[in-house]
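This document opens with one chain alone, in structure tokens, the form predicted on its own.
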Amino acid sequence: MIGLLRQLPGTSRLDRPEPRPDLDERDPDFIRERLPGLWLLSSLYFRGDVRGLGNIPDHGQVLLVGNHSGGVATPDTVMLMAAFSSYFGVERPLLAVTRTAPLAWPPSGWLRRFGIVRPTPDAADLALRTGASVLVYPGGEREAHRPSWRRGVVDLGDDTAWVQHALRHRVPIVPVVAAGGQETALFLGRRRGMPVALTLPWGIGVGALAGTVPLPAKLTIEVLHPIDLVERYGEDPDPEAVRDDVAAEMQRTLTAMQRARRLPVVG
């Protein structure tokens, strides 16, 4: 698993611009072979619960929009992608565009084969052009590393590019809300721009490198109903209004999910 620990010399490459994403690395056979193990990990370690997959249209592309949690590890990303592939079959492509650091490291090849693509500014647009459904996290690293005491807050940021992608490609937006990821470590905020967290087995860590173990927090994911932007907002909607509406709907769902949790980590 990937987490947070002290930044070491030679890691500045993580801040360099990523090369153009290779959208052909997703490997359906690779995914099929690993689904049983991923579900075992999700079920036993994280007690994963993915609800509402039936809300995703059976055919065609969708733009899944999620809240980002869990620091660099974000185990709910892989859990959601595994659930999607199990429900719809690995032949229905889903690509995820994340803004966290793991894809900068050579061992991350299996993530790319699973469908997680490099986070370039045009990655989601290029992925939609391939005919795949796409999972995006507009809140990016800021939301993923928010303090644990803000675990019940959805923060999609100011970006509206994902709204414009959905309009351009005429695909519905499907909000996806996850709870529990921000309990896989004690996230303490940022120091000089770097995320700080209390993690296993290293204690206080600054930065983002391989080697830490997420706590076995219960992860719950709720897939909401699809939003046809033109049907709801008309032919020329205000992207900021769409973003705010989607964020508000996700926030209401996350608030209800957090209220249903008994204790952090326990769920």
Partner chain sequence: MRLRADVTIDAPPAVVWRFVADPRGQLRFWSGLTRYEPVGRRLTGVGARYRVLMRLGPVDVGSLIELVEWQAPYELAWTSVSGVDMRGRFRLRARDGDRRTHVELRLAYGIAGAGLTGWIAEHVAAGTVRGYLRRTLNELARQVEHEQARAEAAARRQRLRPRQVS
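Since the model is a prediction, treat every value here as computed from it, not as a measurement. Residue numbers count along the first chain shown, from 1.
Below, we turn to the form predicted together with its partner chain, even though it does not appear here.
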Heavy atom within 4.5 Å of its partner chain in the model of the complex - residue from Ala83, Ala123, Ala132, Leu167 | Ala83
In the model of the complex, which of the listed residues (Pro36, Pro28, Pro237, Pro226) lies with a heavy atom within 4.5 Å of its partner chain?
-> Pro36
Answer among 124-132, 83-91, 185-193, 149-157 for heavy atoms within 4.5 Å of its partner chain in the model of the complex: the stretch 83-91
Taking the shortest heavy atom distance, is Val242 within 4.5 Å of its partner chain in the model of the complex?
-> no
Gly48: heavy atom within 4.5 Å of its partner chain in the model of the complex?
-> yes
Closest heavy atom of Glu231 to its partner chain in the model of the complex, within 4.5 Å or not?
-> no
Might Gln61 be said to contact its partner chain in the model of the complex, defining contact as any heavy atom within 4.5 Å?
-> no
